[in-house]
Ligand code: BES
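Read the single chain below, which is given as structure tokens and is the form predicted on its own.
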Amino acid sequence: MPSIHATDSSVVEDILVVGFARDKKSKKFSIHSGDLRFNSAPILEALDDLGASAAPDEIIKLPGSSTKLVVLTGLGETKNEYPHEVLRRAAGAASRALSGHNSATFALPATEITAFAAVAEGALLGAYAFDEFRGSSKAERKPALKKIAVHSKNAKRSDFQKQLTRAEVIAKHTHIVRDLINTPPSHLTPDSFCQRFKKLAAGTGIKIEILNDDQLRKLGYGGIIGVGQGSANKPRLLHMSYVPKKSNKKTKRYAFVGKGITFDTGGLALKPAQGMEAMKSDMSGAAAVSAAILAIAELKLPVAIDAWAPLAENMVSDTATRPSDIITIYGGKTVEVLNPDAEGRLVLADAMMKAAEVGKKNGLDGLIDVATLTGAQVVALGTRTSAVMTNNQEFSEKFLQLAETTGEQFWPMPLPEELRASLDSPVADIANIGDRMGGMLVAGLFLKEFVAPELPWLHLDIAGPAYNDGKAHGYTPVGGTGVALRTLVALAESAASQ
């Protein structure tokens, strides 16, 4: 990951990144360089001839006079003030476009601290590359931008410096999530996932507990065992616990639970071959919650967090769970497995029951599960907007407000009671699938069965946004995105300030 610092100096002998926009009515371009005085006249004259539009993700590189290069990043329509997410994406797009370069100074319209923070975060998030498994082609790849400076007249202010530190923490742990998602299943198994986070958590004060398959079976984690029993790579349950140093006020406590299917073939309900390679991303939720607790610990937030990652490979073999098998979830509820490809909800149910049990001892302010759970989420909301379902409207509204500040796109979805009957089983307490129409909502209703009504709960279905198999955009690369981490950290920050 690149280094970052703030500067209030003039830009000489460096790449300069500035924003540009276009007025909707007059079609005239404008250059936006924040606090930096910049002679934009020669560039403005050339933009029409260059066929520029100033659309988001548009990048134009021009030779500089006092600078090595001037990079224009599109801000869209001209505004007096640009939303923080527009700035975050514009900085990220420029950062991506500068792969192979050593350093750049970002002078965007970011005079206020929230805008400054967004530029810093976007630039760091955009400077990402995953080349761990390249061999002969690695030398041909351009490395990510190495050094980032964010220009501001407030560069020396301590509160602005703190925002740089926060941006570094967020970007570092987002990159960890992306790396894990991009790692092939040949190198990322339930056990190796646990060992990675055990190593990452060393020295942070986070306590680690890992349950192996024998322990899971003995303790009654039927969901995790049922999903993972068809694989030679045995399932695990990773529990990471962070308790801050004592403060003068009551410490808020949250449980984060992330779906951790390190590869999903669909089991005996085998998925089509086309697109199955993306199923290495089915552990995105587990990676997000596990990295989020690391970020929260590094920021030393006075909030207690328990992160749970139920991990399994859903494979085809003579020991795999069969359609119509009945399993017993931790806590005693039985499930008829009608579709072995609806496996994420089974491992989540185990972990959610355990998370609530542990949290009850000290009082739990909320439980959030994060999962690439349903293809129906992508049908309903596309590949850039995640779903939020809840049993507590106030908790959901608070989360959505925080997501607005982080730039992560979430949308509230209902849990219609009339769909619950479709999960009824003639032989068990509940079936793992119900109506196909509204499948995302049915999955949420299934999970709701494993949460006490009085415990505030959010279900985040990130199936589409977790993995970008299209073109890179803004600060989002191809492959793993790291979605949900930023808002989980923001939730902890919000709780710490209350």
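Numbers follow the displayed sequence, beginning with 1. For clarity, every value in this text was computed on a predicted model and none was experimentally measured.
Keep in mind that the form predicted in complex with the ligand is not shown, yet the notes after this line are about it.
Out of the listed residues 264, 213, 336, 306, 264 is the one that sits within 4.5 Å of the ligand in the predicted bound form by at least one heavy atom.
When the ligand is considered in the predicted bound form, only one residue from 178, 89, 151, 345 comes within 4.5 Å through any heavy atom, namely 345. Contact annotation for residue 382: none of its heavy atoms lies within 4.5 Å of the ligand in the predicted bound form. Residue contact check for residue 375: one or more of its heavy atoms lie within 4.5 Å of the ligand in the predicted bound form. With a 4.5 Å cutoff on heavy atoms, residue 341 counts as touching the ligand in the predicted bound form. The closest heavy atom approach of residue 198 to the ligand in the predicted bound form falls outside 4.5 Å. Contact annotation: the ligand lies within 4.5 Å of heavy atoms from the stretch 365-373 in the predicted bound form, the single such stretch among 140-148, 401-409, 202-210, 365-373. Taking the ligand as it sits in the predicted bound form, the stretch 290-304 never comes within 4.5 angstroms of it through any non-hydrogen atom.
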